[in-house]
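Given next, in structure tokens, is a single chain: the form predicted on its own.
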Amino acid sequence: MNIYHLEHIRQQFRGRVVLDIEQLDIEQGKIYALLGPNGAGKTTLLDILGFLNHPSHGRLYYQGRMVDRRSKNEILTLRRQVVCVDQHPIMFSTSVYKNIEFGLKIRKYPSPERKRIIDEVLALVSLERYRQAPAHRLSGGETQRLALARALALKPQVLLCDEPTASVDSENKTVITGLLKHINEELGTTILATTHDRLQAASLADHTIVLENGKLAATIYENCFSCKVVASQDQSISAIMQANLSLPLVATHAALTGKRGRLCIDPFAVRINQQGHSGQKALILDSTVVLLMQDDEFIRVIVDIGVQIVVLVPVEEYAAINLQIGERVQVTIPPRAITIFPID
């Protein structure tokens, strides 16, 4: 069952289209990672899904019913079912306990019920010993865990997280990722989390949504990097990506020379340890396997070629290569796997 269905959603800001989605379905009880560069429309989409902003055009359905943006009572009811957790949550300068209690008081929960719920969510995020501590003095990771506890106390159907691990250390990043999985599995909460971390998205989410210039990009474009296109000495065209990784491209990109853009590598077209598929102009790069996981009928393989990229290998093909994490492999990237989107 889909908890959200979007049709022809468009959002404009000062005459500029910042979000343009023809159709999008979000399944109930699943975790979605929302990927894309800054300015791609991720936060705009979260605001629409959280009923904080109305789209300029289009229809939004929630649990099978079209949302009537003219009905203030309906919007208020829906906002009680969807809770947003910001990247930098603001805490009241009171105790951890009272920060969680505030929303429950607003919703008129009786005192014994408030105490029971607060005890439960503090235990869930492992902050029991901080219940009387000043919330505004917690560390970044503890603050993010408190924000999750504060949201979960309201028993939302949907949890929208904007970069939940962007401002925390690696230890708390692991803890928060584990919490989101636990919340989804134990409570059945639908979760959408924005992130720039493709490795985290692959390990956390059931599905990945990729936005590029306000539009949905096919999953083949999930390997996207900032780049600058330059001419090389052998008259081919190269894209200098982040981490100074240079990828030679076919000459059809010559018109982009000197411009900045987004370079995308099709994960279905990349091959691992298959020399016979290389082709005359294909790139053959040494790499290391970083992560392996099932993704429907594919095995998602994340390899490090200087930057980390995703390779989607059909299950039947994967049996022949039998990879291990940490294994050194050769990655073949044919020219057809590389696309550049110019940045306006």
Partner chain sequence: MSYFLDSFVAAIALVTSLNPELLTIVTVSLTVSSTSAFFATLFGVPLGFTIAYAQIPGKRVIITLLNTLLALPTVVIGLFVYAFISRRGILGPLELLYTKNAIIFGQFILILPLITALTIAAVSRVDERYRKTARTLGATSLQTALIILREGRFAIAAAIISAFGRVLSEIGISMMLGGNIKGFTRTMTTAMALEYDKGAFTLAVALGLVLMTLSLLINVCFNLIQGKGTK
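Positions refer to the first chain, counted from 1. Quantities reported herein were computed from a predicted structural model and do not represent experimental measurements.
The following text describes the form predicted in complex with the partner chain, which does not appear among the structures shown.
**Q** With the partner left out here, check for me: in the model of the complex, does some heavy atom of Pro267 sit within 4.5 Å of the partner chain?
**A** Contact check for Pro267: no, nothing within 4.5 Å of the partner chain in the model of the complex.
**Q** At the 4.5 Å heavy atom threshold, is Ala205 in contact with the partner chain in the model of the complex?
**A** No, Ala205 is distant from the partner.
**Q** How about Gly141 - does it come within 4.5 Å of the partner chain in the model of the complex, if we only consider non-hydrogen atoms?
**A** Outside the cut-off, so no.
**Q** In the model of the complex, does Pro89 have a heavy atom within 4.5 Å of the partner chain?
**A** Yes.
**Q** Do heavy atoms from each of His196, Ser246 and Ile284 fall within 4.5 Å of the partner chain in the model of the complex?
**A** No, the candidate spot makes no contact with the partner chain.
**Q** Using a 4.5 Å heavy atom cut-off, which of 112-120, 207-215, 187-195, 71-79 contacts the partner chain in the model of the complex?
**A** Contact-bearing stretch, as computed: 71-79.
**Q** So which of Leu52, Val315, Val307, Met293 reaches within 4.5 angstroms of the partner chain in the model of the complex, heavy atom to heavy atom?
**A** The option sitting close enough to the partner is Leu52.
**Q** State the residue from His182, Arg131, Arg260, His136 whose non-hydrogen atoms include one within 4.5 Å of the partner chain in the model of the complex.
**A** The residue from His182, Arg131, Arg260, His136 that makes the contact is His136.
**Q** Using a 4.5 Å cut-off on any heavy atom, which residues of 87-120 would contact the partner chain in the model of the complex?
**A** Result: His88, Pro89, Ile90, Met91, Phe92, Ser93, Thr94, Phe102, Gly103, Ile106, Arg107.
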